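So this first bit is one chain, no partners, the form predicted on its own, shown in structure tokens.
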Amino acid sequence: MTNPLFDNCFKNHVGKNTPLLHLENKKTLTHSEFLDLAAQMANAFLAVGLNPGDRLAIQIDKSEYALAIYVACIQSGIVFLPLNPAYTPNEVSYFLTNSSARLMVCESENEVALREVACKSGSALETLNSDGTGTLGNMALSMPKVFSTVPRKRGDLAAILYTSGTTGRSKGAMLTQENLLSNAETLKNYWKFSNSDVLLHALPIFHTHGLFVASNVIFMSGGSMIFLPRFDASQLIDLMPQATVLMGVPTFYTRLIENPQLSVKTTKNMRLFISGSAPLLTETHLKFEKITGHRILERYGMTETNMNTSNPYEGERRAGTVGFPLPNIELKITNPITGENLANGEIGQIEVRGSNVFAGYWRMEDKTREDLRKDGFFITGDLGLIDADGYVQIVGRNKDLIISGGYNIYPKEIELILDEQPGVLESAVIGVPNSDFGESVVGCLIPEKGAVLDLDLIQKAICKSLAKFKHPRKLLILKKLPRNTMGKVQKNLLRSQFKEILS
């Protein structure tokens, strides 16, 4: 028996002395050196008593050592569970207890705060810092650089990623070897990755985007990454002549556009700019193309499925859409109540099926049955449509749907008009309680730098474009929108903040 994910992503690179990671301190790790480090980590796992199938949780800063732990888990058959470094000890307690993690790895500075949490949940605790120091790091240094890969089946669990938990408790999405491998293979081929590619990696690696999409595609293609601890627009632009691809979230691109260094010249060596994790405004698409000559490729994915759709590598990359279903992935639009298929152009819930779709939610059988149909289709919770040319458009989240006086109102439709108004940088539309209609529309506006918004003029533009029941009852001017780590607007926080604004 083999280990499909390790064999396809890493086995061919053992002994390969070409660069894999270009680090901020000008240090470079070859594929071979990185796999040596991963083998040492895997041997350290054995030394602390971990067995295949055990869960290992990490809450550490982005570094080559953090990435090596992921690969070591794959090689040793341990289930990888990455946690956002921003989580508090109270939040970590839930993840450790829910997953029954055998080992928790944290930064040395957080050891005291997390020791009691780990103890109460039954987890051992080791430390690892971004410079490789810490109890686990020191242990790994003394370990052999060779590890006998543990056999795994394609259906074996490889990772658990907890959803952001915007409603209720976070759910642990169970991702198998097949889920991660099939998606990496598809993306490598669809986006034309090769061993000559150099990826600008400024994403976090506790999330699907930076970990499974960006890293696995490079591992599989044999290319390399300029591995940055965080996003910095000027730094990215300085590094673009040495790179070929950037994967980012919309915030990356809005910040890059604001930087006067961005130009056709500075992006000359780049072949591809990819955006995801949150919707990219059409205005951002157009501005970026005007400045650089490059058209951003937008795609659509989620924790439970990795990537589902992509605008074409060759062909029209249509702003405001997320392209077409990826090869071997089925996507349909259905009625949220009846589950019946809807015709092109009609808005409904997005359902997907393919080898990329997760195995279910950890220890949440009822929720798994609710979201995963018996025929394999996953109900994503996203609302969208397929246009006449087959492009998929995301309208919003099902939970963000506003129902006012019995009418369904899709926030995206209103946001598109608000975003077009003079002086508006971006907007978010939410539903707030209304005693007469159940919910009413409220628009939150972020002005462009130095702009003074004319709310009466904006309201008139809405009145001209949309039916009366869709008109915002109130427009608010905010300094910024609340976002999670991946740049998604957290409308649940806006709803909570303004729930009594119409009272």
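All residue numbers are counted from 1 along the displayed sequence. Source: prediction; values computed, not measured.
Beyond the structure shown, there is the form predicted in complex with methylmalonyl-coenzyme A, which is absent from this document and is the topic of what follows.
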{"item": "methylmalonyl-coenzyme A in the predicted complex: contacted by all of R255, G301 and R473, heavy atom 4.5 Å", "value": "yes"}
{"item": "Q421, S121, T251, T334 - the one with a heavy atom within 4.5 Å of methylmalonyl-coenzyme A in the predicted complex", "value": "T251"}
{"item": "Contact residue in the predicted complex, chosen from P204, G384, G137, G223 - any heavy atom within 4.5 Å of methylmalonyl-coenzyme A", "value": "P204"}
{"item": "Contact label in the predicted complex: T208 to methylmalonyl-coenzyme A, heavy atom within 4.5 Å", "value": "yes"}
{"item": "N129: touches methylmalonyl-coenzyme A in the predicted complex, heavy atom cutoff 4.5 angstroms", "value": "no"}
{"item": "Any non-hydrogen atom of P327 within 4.5 angstroms of methylmalonyl-coenzyme A in the predicted complex", "value": "no"}
{"item": "Exercise: K464 in contact with methylmalonyl-coenzyme A in the predicted complex, heavy atom 4.5 Å", "value": "no"}
{"item": "Stretch in contact, per heavy atom within 4.5 angstroms of methylmalonyl-coenzyme A in the predicted complex, of 443 to 451, 65 to 73, 464 to 472, 49 to 57", "value": "464 to 472"}
{"item": "Residues within 4.5 Å of methylmalonyl-coenzyme A in the predicted complex, restricted to 307 to 335 and counted by heavy atom", "value": "M307"}
{"item": "In the predicted complex, shift in Cα separation for R473 relative to L280, 3 Å or more", "value": "closer"}
